[in-house]
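Next up: just one chain, as structure tokens, the form predicted alone.
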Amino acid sequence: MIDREAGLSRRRLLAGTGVALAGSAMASVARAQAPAEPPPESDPDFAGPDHHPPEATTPAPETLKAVDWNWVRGQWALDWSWVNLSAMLFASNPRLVRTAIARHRDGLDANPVTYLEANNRPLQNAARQAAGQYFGAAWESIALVESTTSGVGLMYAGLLVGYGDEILTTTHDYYVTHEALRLAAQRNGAMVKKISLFDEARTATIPQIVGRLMGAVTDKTRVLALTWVHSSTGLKMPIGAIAQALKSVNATREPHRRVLLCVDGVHGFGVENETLESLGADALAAGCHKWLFGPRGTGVVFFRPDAIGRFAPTIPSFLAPNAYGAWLGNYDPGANTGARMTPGGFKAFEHVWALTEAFQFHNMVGKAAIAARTRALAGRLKMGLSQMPHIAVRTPMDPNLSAGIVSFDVVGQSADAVVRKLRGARVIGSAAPYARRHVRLTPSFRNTEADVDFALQALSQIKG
């Protein structure tokens, strides 16, 4: 039998440790501006006064620092009687983010029009600046979206490709990428080609993956549409190595014929200690309510400044300073920007504006520390699973080819049945929504070694 009470008592103890330190740590976070004078020009989205944060620069490499993980764990209001190993799905928020959401919600409830007028454009641009500083990207080329799905859809719908051009993707990618590409091809006449990169993810190698992709690139290829970390098997694609290989392909091509590297980055974003530059992607979309633990209903799309001209907006935006004026004056709004790629409309603004605090929290803990912690917990889980003869691990053991997702099968049990039995033991995981379904457990930096061991103990008793 699982010693559930002992495990839960341990988790309750860990959850409470260090909570008293939270107040002083959060006190330094700046509050949103109070409502000010109404803007001189108002539009249907109450864009507010123009605000231009300083341009973000690529952050210096971060060194690993000591972190009080008990304090970190105490920032969540999770029910710690459950072992929550589902960071890849839909996240709860740490205290800093919850406080920001509540502050903006209260401001909107007290006086929605004036609070919106004073804060909308400044705080959206502040969120873009924070995203740029976190990921080493120019904030002017960052769009804000509602999810990975909307970001991927925006990215591929906006591709400026023509009839007969080729978009290369893989059979391993998720429904959202495949469907967004299918819909885009219907409109622009491009061709979508899918290839297999490996027979089994757990035995895949970087040379094999890069070699198959480069071998499939033709003169007609204009886009590589890939996923950073596969949500089915947990395989982490070697995006940096692929980008490096593309350089030789693009070196002899005219700018409009160069192959763009577009990435669904959600399961690496908030996990890996990378920047847009180190990855080498031309565009990357990621929801922020998964591994980043940001406000629900938020996401980002990063574009390289030298690549954003190969995309076009698909939804009217009010964030660009001249968007409304261009319509009134009947003139061309000019070159594409991240602001123009950001869809307009009334939104859950208290969530969008609190995105800044999500990046602040990650920077407070440290990207390198988060990456190391996630890698260590996932490695502990994979090692424990690999020692159970009734379990087949599907995720590569090599941390260079994996991140925080750990996928596996239990012999003689369906993935859904295993997930149900884990829930009965108060462990939250999920089944991959693919034709070939695997069980997925996804430890994150808010988890502990005790969480992983408790899940392993539960799985040791789930046999066919």
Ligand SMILES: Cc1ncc(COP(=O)(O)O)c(C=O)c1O
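Heads up: residue numbers just count along the shown sequence, starting at 1. This structure is a prediction, so every number in the text was calculated from the model and none was measured.
This protein has a second form, the form predicted in complex with the named molecule, left out of what is shown; the following refers to that one.
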Checked Met155, Val266, Val271, Ala131 for heavy atoms within 4.5 Å of the named molecule in the predicted bound form; positive is Val266
So which of Thr148, Thr356, Asn93, Thr233 reaches within 4.5 angstroms of the named molecule in the predicted bound form, heavy atom to heavy atom?
Thr148
Proximity to the named molecule in the predicted bound form (heavy atom, within 4.5 Å), stretch among 376 to 384, 284 to 292, 191 to 199, 307 to 315
284 to 292
So in the predicted bound form, does Asn125 come within 4.5 Å of the named molecule, heavy atom to heavy atom?
no
Does any part of Thr342 reach within 4.5 Å of the named molecule in the predicted bound form? Heavy atoms only, please.
no
Examine Val176 and determine whether its closest non-hydrogen atom to the named molecule in the predicted bound form is within 4.5 angstroms.
yes
Please tell me whether any heavy atom belonging to Asn120 falls inside 4.5 Å of a heavy atom of the named molecule, as the geometry stands in the predicted bound form.
no
